[in-house]
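Next up: just one chain, as structure tokens, the form predicted alone.
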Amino acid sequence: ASSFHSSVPHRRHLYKSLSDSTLIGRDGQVCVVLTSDVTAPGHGTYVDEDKLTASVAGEVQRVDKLICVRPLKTRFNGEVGDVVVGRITEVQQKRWKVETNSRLDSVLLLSSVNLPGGELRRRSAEDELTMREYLQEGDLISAEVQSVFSDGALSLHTRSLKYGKLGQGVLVQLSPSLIKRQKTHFHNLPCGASIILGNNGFVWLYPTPGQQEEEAGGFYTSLEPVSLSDREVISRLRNCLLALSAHKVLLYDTSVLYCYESSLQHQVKDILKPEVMEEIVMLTQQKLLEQEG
């Protein structure tokens, strides 16, 4: 272990990217020399002989005189309003503990969920006793960050009908830094499947549902058998997500759809072959550039 650590360069310097105005923390590049307009080193940086050096590899963010480096590989740091996909790990008094890829388990309070039937009333002792009927250990949920506790733990809520317990589908766990922040993270893709791009890096793929019963209050999960064609579409999307993630492409509805379309000439099982993966991602990036241009 010690020989591995000694071979890793300890300094990652800041350099100006040629193609973009964003600074990226990288190894062996020229540092930013501290001047009067850059006086406050922030998170992920340190001062070395009047030069500001990045201590992690990542994207440099500048706010007036403060420079921070946001690491590319990190746990999820939630903000209010973020959409997350999580797994129930524990049922406690008046709350559920949820694994959301954060440093600490998130909390879903009993008062922060819709009661079945959409009733609006105070939660009683009877509701506490039936908590496991709503959500139990191992259940997957989609939720929104309601607030952040002082220790950094997240408080979630599922008060909207679009959030709640997830039924049949596939969970793909990726890096939170690859998920692009958008107005909506719920997408019904034209290929016949739907996707929830959780800000925490958990992505949920599932067959596009028909009309859902509103009375269920977010706890309705269909257990109807999923057709073979739907399963193939979901498997293809899952492999496309892994391909985009391996090549560090930002994930949002357009990039996922373009990647899906680029992969149609290959079989689902072949998508994860390195040479096929590279070809599909290159085609996706070309389409994205054409769209932006």
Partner chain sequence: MATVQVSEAEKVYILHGIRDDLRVDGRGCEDYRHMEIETDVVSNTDGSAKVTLGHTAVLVGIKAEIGKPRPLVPNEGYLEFFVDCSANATPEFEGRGGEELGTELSNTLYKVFNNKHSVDLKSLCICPGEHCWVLYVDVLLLQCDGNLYDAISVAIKAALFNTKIPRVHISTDEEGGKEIELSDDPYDCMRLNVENVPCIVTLCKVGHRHVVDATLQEKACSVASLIISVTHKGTVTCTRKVGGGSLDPESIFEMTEAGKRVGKALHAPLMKVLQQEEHLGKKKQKVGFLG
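On a predicted model such as this, the values are computed, not experimentally measured, just so you know. Positions refer to the first chain, counted from 1.
Beyond what is shown, the protein has a form predicted in complex with the partner chain; the following relates to that form.
Each of Leu140, Asn239 and Val268 is positioned with at least one heavy atom within 4.5 Å of the partner chain in the predicted bound form. Contact between Gln61 and the partner chain in the predicted bound form is not found at the 4.5 Å heavy atom cutoff. Interface residue remark: Leu257 is not counted as part of the site for the partner chain in the predicted bound form, having no heavy atom within 4.5 Å. In the predicted bound form, at least one heavy atom of Ser235 sits within 4.5 Å of the partner chain.
For Leu115, no non-hydrogen atom is located within 4.5 Å of the partner chain in the predicted bound form, even though that partner is not displayed. For the options Leu161, Val107, Val170, Met131, the residue carrying a heavy atom within 4.5 angstroms of the partner chain in the predicted bound form is Val170. For the options Lys180, Arg123, Arg95, Arg87, the residue carrying a heavy atom within 4.5 angstroms of the partner chain in the predicted bound form is Arg87. The stretch from 146 to 154, 69 to 77, 132 to 140, 180 to 188 that comes within 4.5 Å of the partner chain in the predicted bound form, counting heavy atoms only, is 132 to 140. For the partner-free chain shown, nothing in 47 to 82 comes within 4.5 angstroms of the partner chain in the predicted bound form, judged by any non-hydrogen atom.
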